[in-house]
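Heads up, the chain below is alone and in the form predicted alone; it's given as structure tokens.
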Amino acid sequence: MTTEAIGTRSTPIGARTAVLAYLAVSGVVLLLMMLFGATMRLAQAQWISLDPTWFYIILTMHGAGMVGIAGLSGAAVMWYFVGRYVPVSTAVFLANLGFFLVGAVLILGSGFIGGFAAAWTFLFPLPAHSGSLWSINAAACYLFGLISIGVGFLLLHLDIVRGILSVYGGLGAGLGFKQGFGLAPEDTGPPPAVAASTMVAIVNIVGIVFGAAILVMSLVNLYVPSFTFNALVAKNMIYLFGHIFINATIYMAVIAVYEILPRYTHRAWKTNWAFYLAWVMSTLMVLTVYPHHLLMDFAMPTWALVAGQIISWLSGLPVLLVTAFGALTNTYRSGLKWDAASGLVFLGVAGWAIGVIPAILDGTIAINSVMHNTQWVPGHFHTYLLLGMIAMMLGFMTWLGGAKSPLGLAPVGFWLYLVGGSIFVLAFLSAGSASVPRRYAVHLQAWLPYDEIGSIGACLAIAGVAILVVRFLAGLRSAAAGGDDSVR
């Protein structure tokens, strides 16, 4: 059976402009965060000099910033397409952008002015115990920044839930629950964009609530030190929130694959019971997979660690498999004319699939005990984020805004990004397999070749992304007034 991939609702000019504003902010901040990352790699390679104090500030800003911008750009993809099937509010969408910008300013100020460097995870009780490296107010500024971003996303997801309920009557219907279990005809299921948006709303609302709770508790602890709580419970809440949020960015961005590829192939995206069952299963597993981040915490209950390992083997597979198979069947012998936009969204599926392999390995207890504190970890998540989620977002950006850009350099940007990104992540994975530790500001001589190769890859990837982003920004005015249903 098939579900028509192209929505029936048109996108108002105001809503289109709002999406372009999201993408403009996302592109600029993405480049800034990539420069932060390259700075750390260059410092580790000893090609530039960077004080270790500043290394950890940049590490914190890079981690929080990349997670945030992945969420913001993913939300732009999701909102743009789900709005073609259900009513959504442009005012709420813009409010989320406002909350994000306020949060971003607070977070950057906490680091570059206040010196906050506790990593994006802000593990209790570290924010309140800095060894005089940052003040209580700097830590509070960081936590308030995260809260601001969380409030914006919570409003956005609630508004999307409102729209889904108004059309489908329930979240189960929006997810395709009955179709997934054979309780309703396959051709009555929701479009892929709606199923994905429903899943993201469910998991992110849960994650944001847990995140808000631990953020508020941490804030109280900063100013009332006698108010304490169990550090292991706090870590569970943080990783539940963090893992859900960063995984949800991929599930938001993958909507670009479902919606853009059919415009090139002129084939509707095929859906069936397996497609809907995959989204139902992923909803449950994304909520429960986070314990694989705590496999080295000996105080964790054994059953939780075993469950985390088993679910981590399975959690990324259902949606990934139906998406990868769907992308192959949708493009096979379709006669589509490849360009940068279609190539990027297709690359996103490949990067996501490849990145899952080292992630599954690291989610195995026996391997995790050896590899977890090595560069294998940033290697796997940079693979499915840099070459997966970000590729999908850049594909959407290029498709939506690049048609009338005065800069015809998209293919150059694509290949620089692909080659540089591949070198970058392979350097991380290779270093991890050689037990090079992560989060070290200063590296031993034997580790420098990995750092040097990674630095070269980072610079090439940044050059590619810069071309794509500048090209998008150069065509913004035309894109704001242009149509959006034609192949770019």
Partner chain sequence: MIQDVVWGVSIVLMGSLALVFAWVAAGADISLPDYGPAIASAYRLRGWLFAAAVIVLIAANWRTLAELPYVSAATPAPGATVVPVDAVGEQWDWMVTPNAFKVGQTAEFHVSSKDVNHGFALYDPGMRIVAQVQAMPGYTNILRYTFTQPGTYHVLCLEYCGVNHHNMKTDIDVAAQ
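Numbering follows the first chain given and starts at 1. From a predicted model like this one, the values you see are computed outputs, not experimental measurements.
We do not show the form predicted in complex with the partner chain, though everything after this point is about it.
The partner chain in the predicted complex comes within 4.5 Å of a heavy atom belonging to D297.
Contact check for I354: a heavy atom falls within 4.5 Å of the partner chain in the predicted complex. In the predicted complex, at least one heavy atom of L317 sits within 4.5 Å of a heavy atom of the partner chain. When contacts are judged by a 4.5 Å heavy atom cut-off, Y440 counts as touching the partner chain in the predicted complex. Residue-level contacts in the predicted complex: of I456, L448, L426, L31, one residue has a heavy atom within 4.5 Å of the partner chain, and it is L426. With the partner omitted from this view, the residue of L133, V206, V92, L222 that lies near the partner chain in the predicted complex is L133 [heavy atom within 4.5 Å]. Only one of 191-199, 388-396, 119-127, 79-87 lies within 4.5 Å of the partner chain in the predicted complex by heavy atoms, and it is 119-127. Proximity of G14, I107 and G464 to the partner chain in the predicted complex is absent: no residue of the three has a non-hydrogen atom within 4.5 angstroms.
For the stretch 311-340, the set of residues having any non-hydrogen atom within 4.5 angstroms of the partner chain in the predicted complex comprises W313, L314, L317, L320, L321, V322, A324, F325, L328, T329, N330, T331, Y332, R333, S334, G335, L336, K337, W338, in sequence order.
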